[in-house]
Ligand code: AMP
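Shown below, as structure tokens, is a lone chain in the form predicted on its own; questions about how it binds or moves come after it.
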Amino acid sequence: MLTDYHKARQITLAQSFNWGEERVPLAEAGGRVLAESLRTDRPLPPYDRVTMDGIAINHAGYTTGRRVFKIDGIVAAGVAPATLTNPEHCLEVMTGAVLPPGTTTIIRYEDLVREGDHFVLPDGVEDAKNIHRQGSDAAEGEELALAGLRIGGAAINLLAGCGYAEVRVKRFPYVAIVATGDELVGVGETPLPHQIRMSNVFQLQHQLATGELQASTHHLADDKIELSAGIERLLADNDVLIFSGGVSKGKYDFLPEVLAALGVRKLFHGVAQRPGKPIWVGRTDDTMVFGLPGNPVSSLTGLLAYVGPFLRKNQGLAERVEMRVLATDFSFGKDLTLFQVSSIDPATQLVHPVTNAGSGDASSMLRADGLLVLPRGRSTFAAGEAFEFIPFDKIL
């Protein structure tokens, strides 16, 4: 009996693994999941910071009616500031510099007139302008981000600014992608008429790499002895195994039988969906196993619909559901969840189903941006309705 897609997804997401933590150099932290709080090691900004190129004055001198200020020097960013001792003088200052002691406001160059070694100021200058105050963004020791944040550009900036040369992150699982099938030959080989080049493993490997996950690739023949020996080694060395092919009802689809013999517990086999109906999912105590069908659209569907959410959940990230609006009426007459290869119109952001020749039509994915998930139990889907959309190249 086929499992409903939502039930299969629920079962998959219920599988919990702890892959531990590790420290990585800051340059390698992008895309990883933070395993510690991000705290400031000093106030942000760490000093009263000049925000405009111009001059610094003591406003008390300006309030006496003085409009011409003699230049006492210049203060650049990155140098210890001079002190302004005469309120009738000024200091030139550059953006990013420390506000010079003895000054209280900054006037930008655009509002000034220079006459020799003096600046002429306009009327209406306010006190305390163009200064980014010490600690106004965050106090020393303040928690800026909690563990569980996926590290992006903003977090990288703050990690660097707070002195995190190394970052503690959730460890990614060791992943192996395995193609099965005697019809497969290497990419650099010339196939015989009855052979095809191995391609799915590279597509799946690329998709994982979009989330910074690295995966090894392997090929096993349709032979029970070779499958058993190869899978036993891979189970010992990896946290996640992803198979492409070998899970359907053909006489050489040995994978479910071999996995059971090796002690991999089946969670479900066969989902009421198209494409990818024969998907097999199971686990041992230490390793999660996904058996994806061998057709390219089916393999990708299984990876995006099941493997991606599983990895996201076990990295401590919240489930992500993106909704998109259908551009045209669409019909599908089977009682199955349909993962429809679709494109997004860049002008309207509406989704258009892409015509393809079935789950073996890899070229159709070149014309698409992702999969529109159309629920089972109905046969017509109206333009203007919103449905779940799973984008390509966004595994986490």
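Position 1 is the first residue in the sequence shown; the rest follow in order. Small disclaimer: the values here were computed from a predicted structure and weren't measured.
The same protein has a further form, the form predicted in complex with adenosine monophosphate, not shown here; the description that follows concerns it.
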property	result
Adenosine monophosphate contact at residue 253 in the model of the complex, heavy atom, 4.5 Å	yes
is_contact(residue 267, adenosine monophosphate) in the model of the complex, heavy atom dist at most 4.5 Å	no
Touches adenosine monophosphate in the model of the complex: residue 140 (any heavy atom, 4.5 Å)	no
Distance check, residue 248 to adenosine monophosphate in the model of the complex, heavy atom within 4.5 Å	yes
Site check 179, 197 and 201: each within 4.5 Å of adenosine monophosphate in the model of the complex by heavy atom	yes
Adenosine monophosphate: the contacting residue among 127, 322, 183, 232 in the model of the complex [heavy atom, 4.5 Å]	183
Option touching adenosine monophosphate, based on a heavy atom within 4.5 Å in the model of the complex, out of 217, 287, 105, 295	295
Stretch in contact, per heavy atom within 4.5 angstroms of adenosine monophosphate in the model of the complex, of 88-96, 189-197, 75-83, 309-317	189-197
Adenosine monophosphate in the model of the complex - contacting residues of 260-276, heavy atom within 4.5 Å	none
